[in-house]
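Shown below, as structure tokens, is a lone chain in the form predicted on its own; questions about how it binds or moves come after it.
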Amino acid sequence: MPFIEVAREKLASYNGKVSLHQADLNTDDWAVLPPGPVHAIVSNMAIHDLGSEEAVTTTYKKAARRLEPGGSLINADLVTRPDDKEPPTDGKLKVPRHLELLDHLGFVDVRCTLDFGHYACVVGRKDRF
């Protein structure tokens, strides 16, 4: 079952207070959907597939523009292991690099909430100002 369907099932009891949208991160139009305020952007094992640090950064920038002040970005994804000495050749970055990117883009409360070495969850909140 796709991730978005699981989320719809789990959030069904919120009766219209939650709106879920699936988007192609390779296009520029995803950041304008949906209409109205966006309070959270959640990604699971997708952003690394964009293929480069530049693409990850671009996606984080789009999220920062689209989120309402105080909104959260949650990215659970495959990452480069901390002890890997080779620079990444794809979108799998080390956790500290994800955190640096989010911090540089103005996200606050940036942190890693889960780290299994090859899979981690990084979060940040759009500053209210």
Ligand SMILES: C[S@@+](CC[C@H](N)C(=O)[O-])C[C@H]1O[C@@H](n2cnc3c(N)ncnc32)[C@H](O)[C@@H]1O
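For every residue, the number given is its place in the sequence shown, counted from 1. The structure presented is a predicted model; accordingly, all values stated were derived computationally and were not measured.
Just so you know, the form predicted in complex with this ligand exists too; it's not on screen, but the next bit is about it.
For the three residues 56, 82 and 100, a heavy atom within 4.5 Å of this ligand turns up in the predicted bound form in no case.
Just one listed stretch, out of 100-108, 46-54, 67-75, 82-90, contacts this ligand in the predicted bound form at the 4.5 Å heavy atom level, and that stretch is 46-54.
Here is the short version: of 11, 23, 20, 114, the single residue with a heavy atom within 4.5 Å of this ligand in the predicted bound form is 23.
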